[in-house]
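Given as structure tokens, the chain that follows is alone and in the form predicted on its own.
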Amino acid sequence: MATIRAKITGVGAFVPEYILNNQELSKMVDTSDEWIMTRIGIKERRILKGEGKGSSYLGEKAVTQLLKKTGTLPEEVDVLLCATVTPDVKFPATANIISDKVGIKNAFGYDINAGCSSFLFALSTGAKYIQSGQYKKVVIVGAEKMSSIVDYTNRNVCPIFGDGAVAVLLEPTMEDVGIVDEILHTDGFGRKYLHQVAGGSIKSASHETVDAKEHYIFQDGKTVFKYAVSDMADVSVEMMKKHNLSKSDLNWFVPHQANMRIIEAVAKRMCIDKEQVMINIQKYGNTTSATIPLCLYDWEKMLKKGDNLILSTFGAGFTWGAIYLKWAYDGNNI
């Protein structure tokens, strides 16, 4: 009996118009273009401006474009999963808010939070719904307004993050394309190195937590860098070995866009050329759940049916993993 696979059949994206470049950022905090480019590799990032606009605003735009590109009616969608660490509110789920905004009424949905690994974890979850045979159209959207939790007086953190959203459509296939395999990990010891101190049930919001800036991102950069390089490299190499993929077999490596030095170190461990690596961190910064699908969006027209891709990520938790997929359509026909 043929196995049902989940294939990506379209990508939609939205990034805010406002561009915060390094020159402007250097007027806000003690930093410089040279310092940021040397340590992180980011030239600019998009920032969502406007009262009352959150992650669902970004997600709505991305999903709307996705549905239009794929010719999908809102009522045809069975499931919508939102990968995010910056939900509009604690509840209801941002997935529910996006569904309401775009007119998706016949689906169920919820949020998935695995730090910067949220999109890959959501993609894996969505694929399982497709593989069950019960669901035909699953939307995965990574939507982040990271600027809402960034302290723009912290020179070590504020240059890193940007805002944006990307949505993909998963559908079933019997062809030799789609999501082939996954290796996903979580190790909670890493929670103390990258987290948000206040705003949860342990330490709810108060004047004291706001004054102490405990609602912003806390990151132990050196520790996160160390584990990101080793874990992303290990899991990516493991995936290549598991499926006997050589350098020449791999068309594209799609890494989480957190730091240029991390991306380069992982690619070196994989023994692949820079030309095989999707890199757009210089344009958008780290959009957390949106980085990997934003690469797919930017490279869509270059992708060909049957291309071998490895998606690799690392995030708060610690969480990390890789997904091996075969691209399902010729992007230049979109």
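Don't overthink the numbering: it's just position in the shown sequence, from 1. Every value quoted in this text rests on a predicted model; they were computed, and no experiment measured them.
Quick note: we don't show the form predicted together with a small molecule, though the next part is all about it.
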- Taking the shortest heavy atom distance, is S236 within 4.5 Å of the small molecule in the predicted bound form? no
- Does at least one non-hydrogen atom of K241 fall within 4.5 angstroms of the small molecule in the predicted bound form? no
- Partner proximity in the predicted bound form: P159 to the small molecule, non-hydrogen atom cutoff 4.5 Å: yes
- Should H215 be classed as touching the small molecule in the predicted bound form when contacts are defined as heavy atoms within 4.5 Å? no
- Query: Any chance K7, V77 and Y129 all have a heavy atom within 4.5 Å of the small molecule in the predicted bound form?
  - Reply: no
- Query: So which of L245, V150, V224, L184 gets a non-hydrogen atom within 4.5 Å of the small molecule in the predicted bound form?
  - Reply: V224
- Task: Heavy atom within 4.5 Å of the small molecule in the predicted bound form: which of M278, I40, M270, I47 fits that? Just give me the one.
- Result: I40
- Heavy atoms within 4.5 Å of the small molecule in the predicted bound form: which stretch among 173-181, 151-159, 118-126, 101-109? 151-159
